[in-house]
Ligand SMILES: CC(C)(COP(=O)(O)OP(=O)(O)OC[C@H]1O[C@@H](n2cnc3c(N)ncnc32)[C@H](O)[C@@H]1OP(=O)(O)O)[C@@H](O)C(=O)NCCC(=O)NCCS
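What follows is a single chain, given as structure tokens, in the form predicted alone.
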């Protein structure tokens, strides 16, 4: 299997990021990467968003981004986006990228918890997140489940 790494989105790789696409039946589950990059530039005046390309060796296969979020009356660090291009799905890249993102956020931000949201009906995302230790908060915010990864215990 290829080595999976997270590399910041920069002037050199943003175009490749915008060309990544999910399958047609997944489009309602994740915003286009172009929209996410615009959020980085314009939505968050505190600059908490951090976008990354997911690379298999030297090929960008996906996109992941964290930021400070508000959901269901709560506020905290959230994995805002995760997508794997349709050509590279079902190869374990999403799980590996999430594991790396959790480690990166834990080391850099030292949060007590990380949140992630996904559309109601996205059973694949639910299984992936639950398999990595995220638990259901019971909150549905704007049609999305809010899951939480408790990091209060040392790793």
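Just so you know, these numbers come straight off a predicted model, no measurement behind them. Positions refer to the first chain, counted from 1.
Keep in mind that the form predicted in complex with the named molecule is missing from the display, and what follows is about it.
Of the residues given (48, 39, 91, 100), 91 alone sits with a heavy atom within 4.5 Å of the named molecule in the predicted complex.
Contact with the named molecule in the predicted complex, defined as a heavy atom within 4.5 Å, holds for exactly one of 56, 65, 105, 117, namely 117.
For residue 30, a non-hydrogen atom is located within 4.5 Å of the named molecule in the predicted complex, even though that partner is not displayed. A residue is said to contact a partner when one of its heavy atoms sits within 4.5 Å of a partner heavy atom; residue 52 fails this definition for the named molecule in the predicted complex, lying far away. At a distance threshold of 4.5 angstroms between non-hydrogen atoms, residue 124 is in contact with the named molecule in the predicted complex. Contact annotation: residue 139 falls outside 4.5 Å of the named molecule in the predicted complex, judged by heavy atom distances. For the candidate spot formed by 83, 95 and 129, every residue has a non-hydrogen atom within 4.5 angstroms of the named molecule in the predicted complex.
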